[in-house]
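Just one chain follows, in the form predicted on its own, and it is written as structure tokens.
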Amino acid sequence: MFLFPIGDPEGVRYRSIPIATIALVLANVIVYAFEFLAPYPEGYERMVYALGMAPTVVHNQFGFGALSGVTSMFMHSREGLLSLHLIGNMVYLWTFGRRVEDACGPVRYMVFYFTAGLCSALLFILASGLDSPIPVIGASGAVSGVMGAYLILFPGARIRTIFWVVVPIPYPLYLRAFWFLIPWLVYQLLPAIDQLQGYGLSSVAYFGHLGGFFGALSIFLFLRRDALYRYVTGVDL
């Protein structure tokens, strides 16, 4: 049983077409298409180890070195023609990215997105240890940063959400952002603590999610001047 966001019905203030968010979604889909075309499993695994981010690769500057913190953001687990890993990340990105991009402008939003992704990579490396050879892939860390920025900027905004039990219930719910994002944060935090204590084994990089989410605190460096003024003075964004 869980909640899945499917959209943000709120309006935007500055620009109606989120070109940076669209570009990021397209880039992720295109990279996944190359993954899908690679011979499986050998070719796909080579892509994961070449473009994914493993702490030991960054620490010892093998392969792409620190640049793998960027390339890994566009890789997703291969699950057939439709990857739930990719679809989930892109739906979350579209839901929360549109208004965050509007508050920043496309260029600053893009810089913020990569900043959040690198914060995600940094915390993942620190939690995993510098000698870990296991690569992490996915846009989840950067998308978590976008979600954190949305919580900071629009805590009371409504999120169109599907309530999923065994199958999705066809009637959407409208939840305030903090009622969706705060429980999401707790859901990341608890298993991350278990992983740190050595109690939990999972293929999910919870510390990557947390790093990106808390990297959202940098959003104030990227807001439009008018948006920053509105936020500081308490006027609706």
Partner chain sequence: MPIMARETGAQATWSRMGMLHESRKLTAEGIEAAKNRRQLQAEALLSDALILDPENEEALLWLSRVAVRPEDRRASLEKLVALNPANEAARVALHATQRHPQGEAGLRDLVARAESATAGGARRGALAAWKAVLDFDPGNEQAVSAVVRLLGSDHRPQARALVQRALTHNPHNGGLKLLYAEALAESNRWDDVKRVLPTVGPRDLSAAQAFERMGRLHLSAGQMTAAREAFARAVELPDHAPLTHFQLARLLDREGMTERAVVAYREVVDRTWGTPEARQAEQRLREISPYLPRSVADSWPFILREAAGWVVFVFLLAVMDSGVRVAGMSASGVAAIMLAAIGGTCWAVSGAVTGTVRFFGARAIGQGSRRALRVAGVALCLAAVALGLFNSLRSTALLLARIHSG
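Just so we're clear, the structure is a prediction, and the values are computed from it rather than from any experiment. Numbering follows the first chain given and starts at 1.
Missing here is the form predicted together with its partner chain; even so, the following discussion is about that form.
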Exercise. Answer yes or no: in the predicted complex, does its partner chain come within 4.5 Å of a heavy atom in every one of L122, L126 and P155?
Key: yes
Self-check item: Segment that reaches its partner chain in the predicted complex - one of 61 to 69, 187 to 195, 23 to 31, 204 to 212, heavy atoms within 4.5 Å
Solution: 61 to 69
Quiz item: Is there any non-hydrogen atom of I19 lying within 4.5 Å of its partner chain in the predicted complex?
Solution: no
Quiz item: Looking at the partner-bound form in the predicted complex, is Y40 within 4.5 Å of its partner chain by any heavy atom?
Solution: no
Quiz item: Counting only non-hydrogen atoms and a 4.5 angstroms cut-off, does I162 reach its partner chain in the predicted complex?
Solution: no
Quiz item: Is there a heavy atom of Y49 lying 4.5 Å or less from a heavy atom of its partner chain in the predicted complex?
Solution: no
Self-check item: Residues within 4.5 Å of its partner chain in the predicted complex, restricted to 108 to 123 and counted by heavy atom
Solution: R108, V111, F114, T115, L118, C119, A121, L122
